[in-house]
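Okay, here we've got a single chain as structure tokens, the form predicted alone, with questions on binding and movement later.
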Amino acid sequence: MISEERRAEQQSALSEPPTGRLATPDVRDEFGLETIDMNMGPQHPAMHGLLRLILELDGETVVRCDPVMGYLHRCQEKIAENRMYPAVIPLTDRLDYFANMHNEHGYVLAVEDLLDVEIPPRAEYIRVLMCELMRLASHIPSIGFLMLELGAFTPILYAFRERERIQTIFEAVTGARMMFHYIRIGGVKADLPPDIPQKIWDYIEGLESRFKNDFVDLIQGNEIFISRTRGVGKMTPEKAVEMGLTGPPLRCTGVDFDLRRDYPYSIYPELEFDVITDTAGDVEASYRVRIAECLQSIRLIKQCLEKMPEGAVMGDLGRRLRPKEGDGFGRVESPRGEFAVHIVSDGSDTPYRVHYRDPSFCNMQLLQEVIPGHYLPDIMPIMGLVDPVSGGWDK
């Protein structure tokens, strides 16, 4: 994943005469010290799942970082090719388990592209409502995890208090707290319970009133937070685009790109929201982007509740789906970036080929580029910038 230009720069740096501490294990400095290789993970509390980083260290400075993935690989794509189209949806919940609704939404959009069907308007509103609640249930714990990795314990307690309340809403709507299997091909599994819209509204009002106190005033301006995140993991917008980043890691560099606005799907064109960007391109900027995106999700949820029409929540597609031969494509803006699904149909009732483009996998490329030159403890906040989920990058 490392570019030829970057590799040439590293080779050039290693060939220069050594001054002080050395950056190659073949030559020792005046104290007889050399670089050492160290394994970080695959089981480490700051790794966001099963991830191994092979680090070359010069003292506490990282000279080289090689991510090793694959410890959670489950052949999700191959299994999907041996199941009927509706039976693949429960598997998508097991990809990025902090963005289950977005995984389901991306997959059914790809199948519906194959079938060329129309979805009831109320079902579209419910889908977006659930996805924006899911974004809150992902972004808020992400902020809590970042602070926990920096040594602050209180924000993660506040974060899981909010996630627990959102999961209670999900349980009332879908019957499950995590693996929902709710968004279906042609609509959603069931309509909202009668009392749920008011409960969601009350919760969102309460979250809006305490959000600034719990997640902004408590963190922004803190000297330790600033010293551990400002200028850490910094990258340019050109480099972010070159590496194919999406989501908050891309937008915190100043690149104004969001699928919900630039490649609109579902009912997003009917809703008002802002695409949040920052220009610093470091860990602190990614925190600010996620904070502002939470407020935009609250704004979207309120609009969904106010504008949601009455009507059916499931189209009439028949019991057995056999799309005609061709390709179907679906893409959604998940909390970690672009989640895309490509399906090839051969005319049977099972997909011929399924491919997932998961943002956790693509965004992991920046580790090799960004981590070298930082101190070893800076790896934790940089992981908070990426916010990967191992179920997504391993598939």
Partner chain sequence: MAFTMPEGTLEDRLKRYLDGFGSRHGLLESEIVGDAVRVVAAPGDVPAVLATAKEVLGIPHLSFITVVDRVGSFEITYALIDFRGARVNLKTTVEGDEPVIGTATAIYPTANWHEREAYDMFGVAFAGHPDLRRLYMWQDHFDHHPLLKSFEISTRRTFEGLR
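Numbering follows the first chain given and starts at 1. What you are looking at is a predicted structure, and each value in this text was computed from that prediction instead of being measured.
The same protein has a further form, the form predicted in complex with its partner chain, not shown here; the description that follows concerns it.
Are all three of 77, 262 and 361 close to its partner chain in the model of the complex, meaning a heavy atom of each within 4.5 Å?
Yes, all three are in contact.
If we take heavy atoms and a 4.5 Å cut-off, which stretch out of 216-224, 115-123, 234-242, 280-288 is in contact with its partner chain in the model of the complex?
Only one stretch passes the 4.5 Å heavy-atom test: 234-242.
Using a 4.5 Å heavy atom cut-off, which residue among 84, 308, 314, 176 comes into contact with its partner chain in the model of the complex?
Only one option qualifies, and that one is 84.
Consider the chain as shown here, without its partner, and state which of 246, 229, 103, 138 has a heavy atom within 4.5 Å of its partner chain in the model of the complex.
Comparing distances to its partner chain in the model of the complex, the residue within 4.5 Å is 246.
Quick one: does residue 57 come within 4.5 Å of its partner chain in the model of the complex, counting heavy atoms only?
Flag for residue 57 set to no.
Is there a heavy atom of residue 320 no more than 4.5 Å from a heavy atom of its partner chain in the model of the complex?
Contact check for residue 320: yes, within 4.5 Å of its partner chain in the model of the complex.
Does its partner chain get within 4.5 angstroms of any non-hydrogen atom of residue 34 in the model of the complex?
Residue-level check for residue 34: no, no contact with its partner chain.
Wondering, does residue 73 line up within 4.5 Å of its partner chain in the model of the complex on heavy atoms?
Heavy-atom contact with its partner chain at 4.5 Å: present for residue 73.
Any residue of 346-372 that, in the model of the complex, places a heavy atom within 4.5 Å of its partner chain:
Counting only heavy atoms within 4.5 Å of its partner chain in the model of the complex, the contacting residues of 346-372 are 349, 350, 352, 353, 355, 357, 361, 362, 364, 365, 368.
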